[in-house]
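We begin with a single chain expressed as structure tokens, specifically the form predicted on its own.
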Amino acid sequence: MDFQIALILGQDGITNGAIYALLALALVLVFAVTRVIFIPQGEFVAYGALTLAMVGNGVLPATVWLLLGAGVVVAVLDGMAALRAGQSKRLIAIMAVNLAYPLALLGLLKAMPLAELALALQVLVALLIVVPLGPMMYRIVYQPIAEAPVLVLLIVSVAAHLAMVGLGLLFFGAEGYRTPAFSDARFEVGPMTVTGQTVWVVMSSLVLIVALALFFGRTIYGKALRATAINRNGARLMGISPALAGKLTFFLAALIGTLSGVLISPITTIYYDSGFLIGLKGFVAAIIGGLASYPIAAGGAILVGLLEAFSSFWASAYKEVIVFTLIIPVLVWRSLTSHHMEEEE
């Protein structure tokens, strides 16, 4: 390996690491607030990329039907809860958010020439379809068992992951897709050529991380999520709704996953089941951060990306094994250095 090859591999590692950093932050956030190990995080990556690909091909994305179906279920659940609580005035808002929005979006997409839209509008369409599935998933799958033990929540996450993979095969088929690059520009940096798409990925990741930091540090909703992550019972006593915190957390996780899928879809071919491996590498980074520390998780994500890139050069057949083996010494070290506590009641 010469210096130029090392630079190319380093560039690939940092690009992939930036995506893994976003996914690791989402996983840490979801676990800190809801105690859910969010295995379906990777499926939002695949859904975002493949929805964008369908829009670019001029095909009505099948995920819009999933959005409509989930909206119907949420409307029924929330509507019944509102009626039982004697809050019939909330029915209009519930129907508007969960039924009127998907129906309006479906009608708009059928009337629009999707393939002729600018790439930025196609990305916006993908976000409008996939991101609302996050809070809807929380309401349907996790909110009814929010107080269950972590192991039960993990089993439910595995079931949700398998369901989304199956639906992905139904919606998108077994073929892989790749979307057009955001930029065809190339920059010469010494002996290394940096593509415009790489710049897009790294800069978008940095902007999103800074935006999340400002959100958690400067906004009332961000502070509410931080309070819930630190002490759920204390946050509940202070009037912070656990259901609202969960929905907002899953909204952010879905937004991060969908944006990650949109960013990497021009770089690599995405299949209906590609999200699992991508999300699993983000999970390795989150484990390095102990599912608690955002900065360490981000640093672990860069480490995972670099390790994957250089492993693909030295031992491409075993690169996944090498990456996932990284989790073993981390778990051993944390087991030896941390104090064990019984699960919070």
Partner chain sequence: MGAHNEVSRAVLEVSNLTVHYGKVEALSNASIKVGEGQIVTVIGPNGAGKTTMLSAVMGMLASKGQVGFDGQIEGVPEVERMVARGMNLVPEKRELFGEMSVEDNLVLGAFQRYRMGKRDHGDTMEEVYALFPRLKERRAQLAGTLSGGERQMLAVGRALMAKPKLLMLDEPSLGLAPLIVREIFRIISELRRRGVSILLVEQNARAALQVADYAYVLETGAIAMEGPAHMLADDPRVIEAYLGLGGKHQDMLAG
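Everything numeric in this text was worked out from a predicted model, so none of it was measured. Numbering follows the first chain given and starts at 1.
The same protein has a further form, the form predicted in complex with the partner chain, not shown here; the description that follows concerns it.
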(request) Could you tell me which of 94 to 102, 176 to 184, 195 to 203, 233 to 241 sits within 4.5 Å of the partner chain in the predicted complex, going by non-hydrogen atoms? (result) 233 to 241
(request) Scan V131, V262, A224, V74 and let me know which has any heavy atom within 4.5 Å of the partner chain in the predicted complex. (result) A224
(message) With a cut-off of 4.5 Å between heavy atoms, is Q87 one of the residues that contacts the partner chain in the predicted complex?
(response) yes
(message) With a cut-off of 4.5 Å between heavy atoms, is A111 one of the residues that contacts the partner chain in the predicted complex?
(response) no
